[in-house]
Every structure is written in C-alpha cells, then in structure tokens.
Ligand SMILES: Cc1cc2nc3c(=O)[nH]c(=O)nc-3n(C[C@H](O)[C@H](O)[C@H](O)COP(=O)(O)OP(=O)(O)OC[C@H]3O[C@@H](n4cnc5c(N)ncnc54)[C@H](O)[C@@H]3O)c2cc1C
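Shown below, as structure tokens, is a lone chain in the form predicted alone; questions about how it binds or moves come after it.
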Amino acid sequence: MNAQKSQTDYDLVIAGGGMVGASLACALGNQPLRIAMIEAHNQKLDTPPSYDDRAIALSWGTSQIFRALGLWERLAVKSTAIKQIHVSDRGHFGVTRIDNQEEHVEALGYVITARDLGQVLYGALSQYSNLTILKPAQLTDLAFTDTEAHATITVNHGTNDATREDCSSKLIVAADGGGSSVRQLLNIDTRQYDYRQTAITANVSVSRPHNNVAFERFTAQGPLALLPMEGNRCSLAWTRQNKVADSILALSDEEFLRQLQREFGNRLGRFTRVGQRSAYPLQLLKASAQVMKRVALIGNAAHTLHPIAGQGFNLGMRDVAALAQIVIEQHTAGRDIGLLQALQPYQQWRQRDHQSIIGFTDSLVKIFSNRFAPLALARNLGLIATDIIPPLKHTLAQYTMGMAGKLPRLARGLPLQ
C-alpha cells in the first residue's frame, strides 16, 4: 500500500512540542509567519492533579518572558513564589542567603507543575491562526540543498507509515530534547561529560511552613535541592552517585525519609511524606553548533545541564526569547529567516549565556563534590563572603534569576516588536 503524501509549506517548523517548543510557538503566535509544530505525543493535560505532579522552576527572567507573551496571569495563580534561596554546605559553616527584597523583585523565581504549565501553553496555542499542530507525529527525515530556499522534512503521523507528509519550510527549529532526532539526522556533534551521578526526584511534605524558601544543600553524597510548592510540599532533586541510586530508589518510604532527613537537617521540621520517586542519569551535553543553514537548536537539543541551581529550562527559555526576536527582526527586514547569515546573530548572542551558565553549574558540581579539606574551607569562606558582600551576592542573584548579560526583549517583559 502506497503512503499518502501531501505538500505543505511553512516559514518555520518546530520539531518538538514540549515546554520549550510550545513556548516558541506562543512567542511567534499571531506573527506574520506560517508555523507548524510537530509533537510525538497527545498530551493528557485534563486528568486530575496529583501529589506526584512534576515541578519546574521558573526564574524571574522566565516569568518576564511569559508576562510579555500575555500568559503570566494564568501561570501566576498556579505558581508558588520563591522569596529566598538558602545555600549551605552540610557539615560546614558557610551559608549564603539571597532575598527577593534585596534584589527589588517580587520573587526570585517560581515553582509550577509541568501539568499546569502545559495546560496554559496548550490552551494558548489554540488561539493562534498562523499555527498548525501536527500530533501525534514524528519528523523522520530532513534534507536541503544549497540552491533551494527551503528545507524538506518528512513527517510520519501516528505510529506507522500509513500517512506520510512531506513539508517544506524556510527554517527548522530543533526543540526535541537531549536525544534530538534533528541533531542526529544532521550529524551535529556534541560535547558530553558524564557526571556519574543520578538525580532522584520526588515531591515531599514537611512539618514546618517552607515560607517560600528554596534550599540548595551540598552534601558529601551530592547536592540536594528543595523547591517550595503549595500545600507545604517541596519538590526534591537529590543527586547521588550512580552506584547507590538503585538502592535509594528501592528504600521504603520511611527509610528514604530518614536518610533525607539526615542529609538535609531540620530546617523544615520533619519530612512526613514522599511521593513517587523517579531517577535520571546526569550528564553535560552541548551541541557543537546551535545553527546551520535552515536549522536552529533550542533548549535541551542544544544543551543539557546538571540540575544544580535549576538553570536548564530557564536557559532554554532564553533561547526561545532570543530566537523569536532574531526571526522577527530578519523577517521584518525582508530577509530569508533560514539563511545562515540570518541565524548567526542568534548563535553569537546565545553562546556567551550558554558558556556562562554551563561554567557556573559545572563549577558548582565539581567544587562542592570535592571533600578535600583545604578546598572545603575555601568554598565555605566563599559562601560567607558572598553572603556579606553585596556586589558578590547581587551577581549570584542575577545568574540565579536569569537576568545576567544581554537580555532579549521578551526576557525584559517587552513585546517582540
């Protein structure tokens, strides 16, 4: 049986309809561009909320992006504000505290469940007349030539090849995650570093009010982060060495909470409940190129980070803001948005932010994983110095809030044009 084929032309195709891809679609919604978004799954966002709903940290800069997109009012009522960040090193004296009032912002960031963020994003997507959503579908092939003014992609609908669609587009945006099929189809190399660590995630309940404080605690076993959620819950990300991760996952709830209590301490009282535990291996990944002719990479397709300091999703959102701005500027100037020279300003702009954040998170992991006594003393003196020297604290806060460096218009709360 021959596959059915159709020809559809777009200005821009987004491969991947996760949070970053959907955010780019919202950023370019109702702009003078024909856009398609390819998503492999039919998201089920209408199921009842669960204790185990996965949490996402939104930096202050990311909240500004959503504000500029007209989505923040709907997100704010579903979010928990982070008013303070408490950084400590277990068994040592160093502490740094960052406060929203000192930074003159209403919050350092926010915590929202992936379900709530997805509901708002996909609710907004239905309003854009210039957007076509292809789902469930997969991009299975991509080709272009030097002479053609477009790329050609093959999209398979559903779970088999019964219906195949060939589409042409001026620009393909890879927003399809760390295992990006677009990146693999184009043989874009990556630099990878295996941390030999696993992140164990879960939601936990505590006996004392969290008072909107986020905790980043460095332990001999790895960093431990707790983000405030509604209902006096916290979202836990606990980094452990790969060799012990399975045994931690296999613990009873009571023993898991006992070990967590021992590592974190009593600042939040007792840990009283833990939900479903998940785990994923940690590695640093960076694509060798973020653009090529007719292709741009955003989010985890371009970079995956250690979850320390909660920077990964927010770095991807700044990719969204910068790429949307460059695309609109080039289109408004009458240029082909898929040409390499049209995309190079995006890569140049993002390169410094990527280097800064990757260097920041990677250094934190390596410095605080080393238990060498002189280094432990030095880093705790550094925590104290950061806490008492305003310029140092402000610089750390700017990185944490996603407000360092040259910011796109959306990250400043401004419209694209």
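All residue numbers refer to positions in the sequence shown, first residue = 1. Treat the numbers as computed from the prediction; the structure is a model and nothing was measured.
Omitted from view is the form predicted in complex with the ligand, to which the following refers.
With the ligand left out of view, the stretch that reaches within 4.5 Å of it through heavy atoms in the model of the complex is, among 208-216, 100-108, 311-319, 186-194, 311-319.
When the ligand is considered in the model of the complex, only one residue from 55, 357, 35, 27 comes within 4.5 Å through any heavy atom, namely 55. With the partner omitted here, the residue from 88, 290, 300, 113 that has a non-hydrogen atom within 4.5 angstroms of the ligand in the model of the complex is 300. For the three residues 16, 41 and 175, a heavy atom within 4.5 Å of the ligand turns up in the model of the complex in every case.
Taking non-hydrogen atoms only, residue 201 approaches the ligand to within 4.5 angstroms in the model of the complex. Taking the partner from elsewhere, residue 21 is found to have a heavy atom lying within 4.5 Å of the ligand in the model of the complex. Of the heavy atoms in residue 221, none are within 4.5 Å of the ligand in the model of the complex.
For residue 138, a non-hydrogen atom is located within 4.5 Å of the ligand in the model of the complex, even though that partner is not displayed.
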